[in-house]
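Encoded as structure tokens, the following chain is the form predicted alone, with no partner shown.
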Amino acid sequence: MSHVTTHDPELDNLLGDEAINHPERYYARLRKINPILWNPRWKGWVVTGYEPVMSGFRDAERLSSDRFSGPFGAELRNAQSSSQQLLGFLSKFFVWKDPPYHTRARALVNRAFVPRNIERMRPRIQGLVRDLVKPYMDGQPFDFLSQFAFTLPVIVISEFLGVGDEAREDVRAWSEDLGAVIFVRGHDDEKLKRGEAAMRNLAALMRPIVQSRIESPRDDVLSALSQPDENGERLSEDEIIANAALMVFAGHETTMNLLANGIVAFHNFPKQWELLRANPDLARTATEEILRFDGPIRALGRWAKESFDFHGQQIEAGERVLLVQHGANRDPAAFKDPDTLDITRWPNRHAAFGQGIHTCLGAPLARLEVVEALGYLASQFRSIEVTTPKLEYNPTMVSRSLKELQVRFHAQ
């Protein structure tokens, strides 16, 4: 069976201007040709339809998440030797592994992400939101991305993991360099070299904290990771450090992007902000709608462990498959008026956090942060104004992240 393609070299560019800055238009064009397309430039399948994306996430038997085997592994094995420490730690990320390692590590992490531990953070998050907004009540433009969207989640996840405030700005810089590798940023030939240095620094930061939790466990996530599972097996110190580094990175990076994308969405749909102001209880459904409308992750990669028919397309063993959440969340076959922000939309079975065994473990914490932020901002400000003249997004296949976001809040 021949592959279904776009027959358009420009449309095959997953890092082109339209794909990066106007993904709703780009993925709609791909979906209109076929929701499952072969991309000769990426040498893999690009999936933009809601049903195939969701079923792809659930199909862990045939679609692998392991970045260190299959076609992704071949690329990494060709990486320069100076990046071996980075690759060694990345190979221990449980989100990049299949069972049984994934099952064991996720179960240990899940001990800390139980509802009572998440709910315990609510008062602290509420206080942080108020403190971070206070300097900008006068209506002066400010860097929302740096001063609020980054700061809130990095404090929350750092405190959750026991990382001191003094390391916050370092964590941000290191995360930026790691993100270039994890999120497959284009036009960056030095990303592996900087990623190696960032991982070395992050590991040095986390190692003494992890060692203290191994020796003296507490009721926190690192202690949960450090203890044996029900079979008496435990992660190695490097495995704990790798997954702690993953949580530091993922715990603020995606929430930062979600907050920023949400502010832009409300700027473009001001009547929805008015609706939220009039109905503060809509903060929960508003958060779900932002996740659908412009979530922080645009797509995640898999590869086929065997040949099989996938919604009418023949996927061959070893081929790459890009499951595009952003495309799925704007699929008119799944959502009425998908290009309209509607904070009353319910049910809202979006694809932002994935599905199946790899469903985002930190989703409850991210939701809590965004719900509390939206609720308070709506109670204090009658409108939101984005003052950045032209919004531009980082050129990555995986994340949906702004380069800059200047905002002015207009008080009640």
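A residue's number is simply how far along the shown sequence it sits, counting from 1. Predicted model, so just to flag it, every value in this text is computed and none were measured.
Quick note: we don't show the form predicted together with a small molecule, though the next part is all about it.
Work out which of the listed stretches, 233-241, 267-275, 89-97, 199-207, brings a heavy atom within 4.5 angstroms of the small molecule in the model of the complex. Going by heavy atoms within 4.5 Å, the stretch is 89-97.
Heavy atom within 4.5 Å of the small molecule in the model of the complex - the one residue of L63, L377, L365, L37 that qualifies: None of the others qualify; the residue that does is L365.
Go through V46, A373, A352, V53 and name the one with a heavy atom inside 4.5 Å of the small molecule in the model of the complex. Looking at V46, A373, A352, V53 one by one, just A352 meets the 4.5 Å heavy-atom criterion.
Give a yes or no on whether each residue among P296, I357 and L361 has a heavy atom within 4.5 Å of the small molecule in the model of the complex. Spot residues vs the small molecule: full contact, yes.
4.5 angstroms heavy atom contact with the small molecule in the model of the complex for L300: Looking in the model of the complex, residue contacts with the small molecule include L300, since a heavy atom lies within 4.5 Å.
Do G251 and the small molecule share at least one heavy atom pair within 4.5 Å in the model of the complex? Yes - in the model of the complex, heavy atoms of G251 and the small molecule come within 4.5 Å of each other.
Please run the contact check for R213 against the small molecule in the model of the complex: heavy atoms, 4.5 angstroms, yes or no? No - in the model of the complex, heavy atoms of R213 and the small molecule never come within 4.5 Å of each other.
Does the small molecule get within 4.5 angstroms of any non-hydrogen atom of Q325 in the model of the complex? The answer is yes: Q325 has a heavy atom within 4.5 Å of the small molecule.
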